[in-house]
Every structure is written in structure tokens, then in C-alpha cells.
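The chain below stands alone, shown as C-alpha cells; this is the form predicted on its own.
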């Protein structure tokens, strides 16, 4: 089992709960911090001292309490930590939905486990610790269901025409003319923007590039 664990969590009660779960599994060498900058500093210091952490457990969202911080969220912390210690295991423990980014980080091997803060999250954290220790990835059942619901979208032919044009490098403003040339209706700019915004909202994306990459991965383009 993991020997040395760093917990980045800005809510004290949640932090104590995570520590108890770790102690129940026989993991006693734990350190907890409330700020992402502090977490990265502890990681760097441990590497310098030749006593690296085996595991980072972090939330995604950290509240702004007017204390100046360079790293403001857990996902940015993970990326910074992986730059200095690529082999560290990472479990995300959160109540927030950032499904698109989390899926991307799973694919890039930056995250090993995801536990959603909800009922039975203590049990799910135990399962995550045991699974990730065995070099396998873990998503708690409720987080899988939540992500699947967030990522469900039934693409229409119109949607696919729009995405294909984006893939071909056609800007949104140019799309109405292309659609009209191909006798595709509707073809107004407002209709295009509405469908693009709907697809991105449902799938949890913020950029058209993410939507195109998702559709390419699904084999739509």
C-alpha cells in the first residue's frame, strides 16, 4: 500500500475524513495542505530530500480567501506536479463537474483515480486507493454515471455538418454560405451558434477544438 501521501483539500472536515480513511488502511505518513502552491512546494521538497510522495489526493476547486496563489485549482496543480514528478499517482476527490477536462487527463495518464464527493465516498476512496496502488485506474460508480450523463448527446445530421466544417477549418461566420451551397437547412448563423453551444454545454466542452477532437475520436469525422 502507499507509504507517503499528500492531501490537497481546502475544507478541514473533508481533509480529516480523508486522513481517517488513509489511517484505516495503515497509511500513516500523510501531510495535508489547504493551498495548491503549498502542495507543489511539499512535493518539490520531498523530491529534494529523496523521500518522494507516492500519491497526491486533491480536490478540483479551491476557494479564494484572498491569499495570493499562483496555482488556483486542482487540475492545474496536477499538471504542475506531473512536471516535477511524472510517476506520482493522483486521485481526484471532488464534488465538481469538470468531466471533459477530467476525461482528457485520464487519457493523458495524469489522473489515476476519480472519487465523487457523495454518499459512500469513504468506501469509494478505499476502493480507489487499492485499485490505483495496483497500477489500475478507478472511477467511483456515481462519478462514472455522472460523467456518462454529462457526456450524452445525440448528434443530428446538422450537428455533424457543423463539426465537419469546423474540422475543415471553416469559421462559424463562413458556415452559412457553405451550408446554403450544399442545400442544408437551417443555415443561419444563429442556428449554427445555438447548436454549437448546445453540444459544448452537454458534453462539458468550452472550445470548438475539444468538440472536434471528441467527434473525431468517436469516428464521426
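Numbering follows the first chain given and starts at 1. Fair warning: this is a prediction, and the values are worked out from it, not measured in the lab. The term rigid core refers to the maximal set of C-alpha atoms that superpose within 1.5 Å between the two forms.
Quick note: we don't show the form predicted together with the DNA, though the next part is all about it.
Comment: 181-189 is the region of 49-57, 65-73, 181-189, 28-36 lying near the DNA in the model of the complex, near meaning a non-hydrogen atom within 4.5 Å. Contact check at 4.5 Å (heavy atoms) against the DNA in the model of the complex: all three of 173, 193 and 208 pass.
Relative to the superposed core, residue 193 undergoes a Cα shift of 2 Å or more between the shown form and the other one. Positional change of residue 162 between the shown form and the other one reaches 2 Å or more at the C-alpha, relative to the superposed core.
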